[in-house]
Ligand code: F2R
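Starting off, we have a lone chain in the form predicted alone, written out as structure tokens.
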Amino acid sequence: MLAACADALGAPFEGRPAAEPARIAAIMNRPSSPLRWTDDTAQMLVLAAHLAECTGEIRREALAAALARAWEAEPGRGYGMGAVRVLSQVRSGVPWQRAAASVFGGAGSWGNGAAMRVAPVGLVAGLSLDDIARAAAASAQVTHAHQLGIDGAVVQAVAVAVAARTSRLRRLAADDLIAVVAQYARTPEFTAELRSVPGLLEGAASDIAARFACDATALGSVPAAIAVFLRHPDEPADAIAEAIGLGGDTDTIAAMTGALAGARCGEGAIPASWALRLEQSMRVWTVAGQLSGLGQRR
């Protein structure tokens, strides 16, 4: 729910330079303004429902088909051109392996589409971090053939799991979280970006915007979201506002930051006004409940 709210709050600022805090606060605190989420949440809901139905497993063919159906049902959610090309091919019967490898000259996507939806994988109870990394990679592969795109999903999912499994009575040590998640990145580029995060936590948010591209690539957005979360691990609203303030791919960076904050702080951290303003909030709550009930079924 917090990730969906953050996605919707960040959407009006997408593609723009860093916004003034007052403008962000106005959107966040406007009681009557509805919150409409984007493809980030649309795909996250699909993945969460898939996990609930498949008892925590990723069945790639079924997931690819479900993601394609969701795009076809609501193509106006803000899907990128690469995602549209992959999902439209899957919907027309092209195997997901071939569709995922067809974009960007055959290299596959290194965008953040797999990372923005992957948080439910990190919340599946009873899985080791190794299991979560494998499931996250499988969930990414149905649309992202490039290793940077897969790394983004794996890193985000493991970070969500660590955030969820660290007691709020304990300080969340940034160095420890980064050391854990960096083990799961297979590309040296991702490892290097992650290892730069602790050095950015004591300065200004503008340091994060200067260090990372904050764009639609996994490499430019996932480390940025983790950095903002680690600056405010117990203050979700502050983390989301700062994520939006970075500029660039604001809805996705805010959604990933919100997923991390929600994993650590729980549903009680969601401002009531946000939940009331969020479109299809009952659908979001229902899918979240199915995912949380998965642990008991497992």
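Just count from 1 along the sequence shown to find any residue number. Computed from a predicted model, the values in this text were never measured in an experiment.
Omitted here: the form predicted together with the named molecule. The next part is about that form.
- The named molecule in the predicted bound form is not approached by Thr191, whose heavy atoms all lie more than 4.5 angstroms from it.
- Remark: Gly111 counts among the residues lining the named molecule in the predicted bound form, judged by a heavy atom distance of 4.5 Å or less.
- The named molecule in the predicted bound form comes within 4.5 Å of a heavy atom belonging to Asp251.
- Although the partner is absent here, Asp39 lies within 4.5 Å of the named molecule in the predicted bound form, judged by heavy atoms.
- Contact with the named molecule in the predicted bound form, defined as a heavy atom within 4.5 Å, holds for exactly one of Val142, Ala136, Met116, Val228, namely Met116.
- None of Ile178, Val158, Val90, Ala83 but one reaches within 4.5 angstroms of the named molecule in the predicted bound form through a heavy atom, and that residue is Ala83.
- Note on the interface: of 126-134, 100-108, 161-169, 180-188, the segment with non-hydrogen atoms within 4.5 angstroms of the named molecule in the predicted bound form is 100-108.
- In the predicted bound form, Gly78 is the single residue of 41-78 with at least one heavy atom within 4.5 Å of the named molecule.
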